[in-house]
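Here you get one chain, nothing else, as structure tokens; it is the form predicted alone.
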């Protein structure tokens, strides 16, 4: 996903001289190196100074540029939080804060590098929009939207690398609207980000037993409450999965929508635990320690507890 982001920004920069990228001591990946080489005046590395990165992006935006602040999610959002709040959100500046490797993607580096609460933090900021694409194709569409919008700050939550494409047959990407990745009739999985692959795998594993739809809720703020309400009304069983702590994320929001819309479906929410898991292994290992796996999603879809 990070390479797709870099390639998309590079292509967009060819046609829009306002686009620029500011990083905080992170090695450029993929086509980001091409952007630094071909457009050196539009690529800045501030070093280990994330507050400077955000402040610089704010100044650029005030001068008419369209900057992207790019780093590992814990560093792009948490370290410069006050600057994002006051410089970007308070002034509604069109800056995209890119958090790469969100969730527990940096599985071997521990809690300091695992952005397990970023959706809740970013969503709480006034004027901030939050987008979390599920795969490289959705990343491309989301990045193109960010590069073209002028209405205020965005937190773009990305995975790391190697994520498979799961949205090839999906409806067209539209900011602020959920999209079906897979149609079904008996149950539906709602989620966002690369962990939605677990939902797709669980749906395929249940083929022949039940028909399971999968929907990408890529825009977490503003949330498509009407689209989610339609899913809750259409399917007798709904499972929410997210690579985020259980408070302040999609699960809480879907529960509120279910209550307000008088939904009668069965609703289960699977998330990271409300804890730092001290396990240093693969991404799948850490997710498993949090109780997130294909089998967990399958059991939730079957109604097992």
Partner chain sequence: MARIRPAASELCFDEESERVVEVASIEEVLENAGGLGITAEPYAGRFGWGTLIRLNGKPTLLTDVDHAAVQGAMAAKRCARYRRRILDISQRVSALHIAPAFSCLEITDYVYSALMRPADVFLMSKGHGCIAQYAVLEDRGVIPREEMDRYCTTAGTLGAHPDRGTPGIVASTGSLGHGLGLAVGMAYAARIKGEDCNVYVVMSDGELQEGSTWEAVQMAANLGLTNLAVFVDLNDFGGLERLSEAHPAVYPIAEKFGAFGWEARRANGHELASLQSALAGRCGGLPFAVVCGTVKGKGVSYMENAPIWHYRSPNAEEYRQALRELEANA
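The structure presented is a predicted model; accordingly, all values stated were derived computationally and were not measured. Positions refer to the first chain, counted from 1.
The discussion below concerns the form predicted together with its partner chain, not included here.
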| query | finding |
| --- | --- |
| Its partner chain contact at residue 82 in the model of the complex, heavy atom, 4.5 Å | yes |
| 4.5 Å heavy atom contact, residue 62 and its partner chain in the model of the complex | yes |
| Partner contact for residue 242 in the model of the complex: its partner chain, 4.5 angstroms, heavy atom | no |
| 4.5 angstroms heavy atom contact with its partner chain in the model of the complex for residue 86 | yes |
| Which of 268-276, 242-250, 255-263, 44-52 lines the interface with its partner chain in the model of the complex (heavy atom within 4.5 Å) | 44-52 |
| Heavy atom within 4.5 Å of its partner chain in the model of the complex - residue from 206, 93, 180, 128 | 93 |
